[in-house]
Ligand SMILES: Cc1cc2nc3c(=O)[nH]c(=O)nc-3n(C[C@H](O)[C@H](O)[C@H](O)COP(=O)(O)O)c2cc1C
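There is one chain below, alone, in structure tokens, taken in the form predicted on its own.
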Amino acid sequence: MLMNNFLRNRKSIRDFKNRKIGKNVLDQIRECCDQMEDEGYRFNLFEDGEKIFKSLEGIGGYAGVMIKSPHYVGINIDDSKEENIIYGAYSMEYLITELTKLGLGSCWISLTDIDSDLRKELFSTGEGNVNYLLAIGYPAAKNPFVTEAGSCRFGIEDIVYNGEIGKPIDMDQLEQRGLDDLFYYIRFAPSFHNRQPWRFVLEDDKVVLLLAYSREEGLSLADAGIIMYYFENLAMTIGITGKWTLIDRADYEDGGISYKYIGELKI
């Protein structure tokens, strides 16, 4: 699968067929979940989608609307460490890529506003918190006469800076370094409520990742893991095989907007 094509066409599926996934495919999903388990997070496949939907209808979901699907995958995160949230989200996007190969659709569901006791009762996962679910299933047929609204995307110049936040990048510089396509396609990465909070500072031998946030629109560390996953995979297509290294640096403040330093990657 070409990552740029996948990312360009990646869409969250919010309408699923009323059809359960077969045992063999569920076993593949369960095996993938087991392989991704880490000491800071783990994935659980919940086959009884009807029970979860009825329990969360009206109180949880995507933008406040619970997504009905035959099955769900929950990510149980020990969120005492930020890196667990970041790499848990990174792994969730890997799972979405694998689900797509199986012909399945998916949609992130946030549970952060759901009472923690209800979450523990519903998912019975012991330690940690299930703050996110992934609705999974076979996408329902679309009405061919209805045109889907496209989401607006920031331009490269809005998310990539030269050396420091706020300093415009020269597009010729990106092209000369062979990074123009990488930053063109990374704009299509998903983010919560399509806020597109990622910002990249290009330095001599590395790119630094930050997340922009404000008091009104809080910080979502899951967005960091999502963009890190796609950036690494897109970078591989042009011969860059580095991995993100998380960094600990004080937030940068500018005009009411805060920027949280996340990581850096050698290029």
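These numbers were taken from a predicted model, which means no experiment stands behind them. From 1 onward, residues are counted along the sequence shown.
As for the form predicted together with the ligand, it is not shown, yet the points below apply to it.
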Worksheet item: Taking 4.5 angstroms as the cut-off for heavy atoms, does K11 touch the ligand in the predicted complex?
Response: yes
Worksheet entry | Heavy atom of C107 within 4.5 Å of the ligand in the predicted complex | yes
Worksheet item: Heavy atoms within 4.5 Å of the ligand in the predicted complex: does N129 have any?
Response: no
Worksheet item: How about F183: is it within 4.5 Å of the ligand in the predicted complex, going by heavy atoms?
Response: no
Response to the item:
Exactly one of K142, K120, K167, R153 comes within 4.5 Å of the ligand in the predicted complex through a heavy atom, and that residue is R153
Discussion item. Quick check on this chain: which one of K81, R177, K101, H193 has a heavy atom within 4.5 Å of the ligand in the predicted complex?
Written reply: H193
Discussion item. At 4.5 Å by heavy atoms, is each residue in I67, D223 and I226 next to the ligand in the predicted complex?
Written reply: yes
Discussion item. Quick check for you: of 45-53, 228-236, 215-223, 31-39, which stretch puts a non-hydrogen atom within 4.5 Å of the ligand in the predicted complex?
Written reply: 215-223
